[in-house]
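Starting off, we have a lone chain in the form predicted on its own, written out as structure tokens.
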């Protein structure tokens, strides 16, 4: 009987999250290399996964506790070598809960996985991303939380059976919302943000970063920085993006007054869309940016903030019902 691999993903109206897509891609490669059969546990809504799948289950609930309970039941036969999840909040929580249920290892930020000498070897970043560490799973299945930064393979058609609907074996009371707060750009984890507004020497000082914080707040993102800005004491070290800082891959990365030195570029080049503002038309950051603005950050950023505010005010006016008091 061939060994099996289980992938846990969350389906949505727009398909797979890019982080879940990374988990699917790594699991498919691992299955090809080992000859394992692929199983999928989809939570939320049905989604067609690329590649050839042996079995599939659909769980309408998107509660990490329910997902972990069902995944534990699926892997109870002992056939599965590994369970792959994306580096999403739901994937991380479900993976952790499943590891506790099974008494198995869980490794986050995994960039490569292979079978060697009948043992599962998992490679992840170490020493702030400057080194790689390879961990050996002493018990299977290993819970593999896949890094969102891995290269995703070429798109493939889906050969997936109709998912079997699952009813959670254990019904949980829905969580009670006690309070809701929105993180400020200075509180948000720069590695988790979908939008990062980053500054370098060209920002000019702490007051320039306050301006970037205002723009980041408008965009719902976090503030990032280069090593130079951190070393100068303009921002705290947890904001640093680059080889000796944090590796980020947001949907949108705005580089303000950043030259584009290689140690910074290595920490953000996998961003979905990169825009850059710099007074030097020949700076290195422009070579990797999708959109470039030659100009002074202290002039361009206030103009961006003003334009965002103008468009929001216009949209709010257009939404007002006809005849409403103004």
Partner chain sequence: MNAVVLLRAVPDQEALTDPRPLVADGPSLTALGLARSSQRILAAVELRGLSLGPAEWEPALREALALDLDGLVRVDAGPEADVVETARALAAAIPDGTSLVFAGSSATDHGSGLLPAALAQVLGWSYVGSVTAVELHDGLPAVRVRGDAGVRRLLRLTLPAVLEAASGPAPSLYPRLAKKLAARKAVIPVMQHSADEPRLRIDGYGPARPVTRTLFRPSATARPAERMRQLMSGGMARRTGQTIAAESGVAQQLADLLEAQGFIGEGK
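Numbering follows the first chain given and starts at 1. Bear in mind that the values here come from a model prediction, so they are computed numbers and not experimental data. Throughout, rigid core stands for the largest set of C-alpha atoms superposing within 1.5 Å between the two forms.
Below, we turn to the form predicted in complex with the partner chain, even though it does not appear here.
Participant: Among 54, 259, 34, 292, which has at least one heavy atom within 4.5 Å of the partner chain in the predicted bound form?
Facilitator: Contact with the partner chain in the predicted bound form is made by 292 alone.
Participant: Just to be sure I understand the contacts: of 192, 210, 238, 231, which is the one whose heavy atoms reach within 4.5 angstroms of the partner chain in the predicted bound form?
Facilitator: None of the other options qualify; the answer is 192.
Participant: So in the predicted bound form, does residue 77 come within 4.5 Å of the partner chain, heavy atom to heavy atom?
Facilitator: No, no contact at 4.5 Å.
Participant: Although the partner isn't part of this model, could you tell me whether residue 58 comes within 4.5 Å of the partner chain in the predicted bound form, counting any heavy atom of the residue?
Facilitator: Answer no; every heavy atom of residue 58 is more than 4.5 Å from the partner chain in the predicted bound form.
Participant: Heavy atom to heavy atom, is residue 252 within 4.5 Å of the partner chain in the predicted bound form?
Facilitator: Answer yes; at least one heavy atom of residue 252 falls within 4.5 Å of the partner chain in the predicted bound form.
Participant: Please run the contact check for residue 247 against the partner chain in the predicted bound form: heavy atoms, 4.5 angstroms, yes or no?
Facilitator: No - in the predicted bound form, heavy atoms of residue 247 and the partner chain never come within 4.5 Å of each other.
Participant: Among 198-206, 107-115, 159-167, 223-231, mark the stretch whose residues have heavy atoms within 4.5 Å of the partner chain in the predicted bound form.
Facilitator: Checking each option against the 4.5 Å cut-off leaves 107-115.
Participant: Scan 210-224 and write down, in order along the chain, each residue with a heavy atom lying within 4.5 Å of the partner chain in the predicted bound form.
Facilitator: Those in contact are 217, 218, 219, 220.
Participant: At a 2 Å cut-off on C-alpha positions, does residue 47 qualify as shifted between this form and the one not shown after fitting the rigid core?
Facilitator: Comparing the forms between this form and the one not shown, which are aligned on their rigid core, residue 47 does not shift its C-alpha by 2 Å or more.
Participant: Residue 213: after superposing the rigid core, is there a C-alpha shift of 2 Å or more between this form and the one not shown?
Facilitator: Passes the 2 Å threshold, so yes.
Participant: With both forms fitted on the core, check whether the Cα of residue 256 differs by 2 Å or more between this form and the one not shown.
Facilitator: Yes, shifts by 2 Å or more.
Participant: Hey, the CA atoms of residue 45 and residue 220 end up closer or farther in the predicted bound form than in the shown form, with the change being 3 Å or more?
Facilitator: Note: Cα gap between residue 45 and residue 220 shrinks in the predicted bound form.
Participant: Once you compare with this form, do the C-alpha atoms of residue 145 and residue 188 lie closer or farther in the predicted bound form, given a change of 3 Å or more?
Facilitator: Compared with this form, residue 145 and residue 188 lie farther apart in the predicted bound form.
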